[in-house]
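Let's start with one chain on its own, the form predicted alone, as structure tokens.
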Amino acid sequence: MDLFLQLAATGLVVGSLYVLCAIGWGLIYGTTLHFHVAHGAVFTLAAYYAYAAQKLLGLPLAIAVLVAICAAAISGMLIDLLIYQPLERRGAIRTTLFIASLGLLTLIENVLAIIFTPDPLRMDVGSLGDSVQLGPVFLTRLHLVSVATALLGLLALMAFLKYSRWGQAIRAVSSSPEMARTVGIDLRRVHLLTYAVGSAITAPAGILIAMDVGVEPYRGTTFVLLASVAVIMGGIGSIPGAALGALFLALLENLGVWKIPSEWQSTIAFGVFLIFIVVRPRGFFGRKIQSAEI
């Protein structure tokens, strides 16, 4: 039973990182319908921004994290401004945008590997690396920060979407782009804002995992893939659904190794996903999709 509780706690910690990545990716996809796999590059860049700010610029950890989140938000905006919007103005279909996004992800990851090498780079986390015992469960202070960050990030995003003027504009565009355009909402500005917010929400996940196990150039691919799966499981257009899907995946992966070898983690998660999506293609809370295109 102690092992089960430890695996469940670890799943919750990993799930908190999945939640941040999933709600950021889900916000972008639900608003723009861009299958934004380059989100994985933003995830990775956030980690390298934090590393560079701490190690190369000598900034305190907290300041380095804030700088990295802002830089990640700007990176997301630049991807939309310099890649997606020009392609859309030229009439590119969404498959073209997807291929461009995939190419950008590959390019950024390999450039980072050339500059920093593929080896993990360690950040100084100080007392955040200290162990904490909660009954039979052992975690670190950094793990507790990860869970708290995911919860605060989810609540902040939902409050922003519900109560702020720009959040309401994002919801309007997500619900009906044509109607939003009719009432005078600038879709390109809303898309740009969505990329900034979605990237800023995801950035702490990349930074936290870098603080825990090191900064690596290729980790973002796995996270953006799992984020997209979590969003589909939770239901397109539902932020709480994306969070629930992310936690569900993380717990599946971690509790699965209680009885099954660890190399089967991904197989368990994606196998259950395939069954789930056949039985309930709209996910936990998703709206009905009239048409879709990558």
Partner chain sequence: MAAEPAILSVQGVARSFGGIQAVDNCTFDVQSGLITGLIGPNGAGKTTVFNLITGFLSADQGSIRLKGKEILGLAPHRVERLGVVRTFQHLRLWNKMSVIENVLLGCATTAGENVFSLFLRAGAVRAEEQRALDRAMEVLRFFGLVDRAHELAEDLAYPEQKLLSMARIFATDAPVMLLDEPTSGLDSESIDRIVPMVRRLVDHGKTVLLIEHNIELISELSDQVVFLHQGQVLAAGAPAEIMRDPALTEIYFGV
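Residue numbers count along the first chain shown, from 1. Only a predicted model underlies this, so the values are computations on that prediction, with no experimental measurement involved.
Missing here is the form predicted together with the partner chain; even so, the following discussion is about that form.
Partner contacts here mean any heavy atom within 4.5 Å of the partner chain in the predicted bound form, and among 101-109, 209-217, 177-185, 137-145 they occur only in 177-185.
Comment: the partner chain is not present in this chain, but in the predicted bound form one of 172, 157, 87, 128 has a heavy atom within 4.5 Å of it, namely 172. Though the partner chain is absent from this view, in the predicted bound form it lies within 4.5 Å of a heavy atom of just one residue from 123, 193, 97, 71, which is 193. Proximity of residue 166 to the partner chain in the predicted bound form falls within the 4.5 Å heavy atom cutoff.
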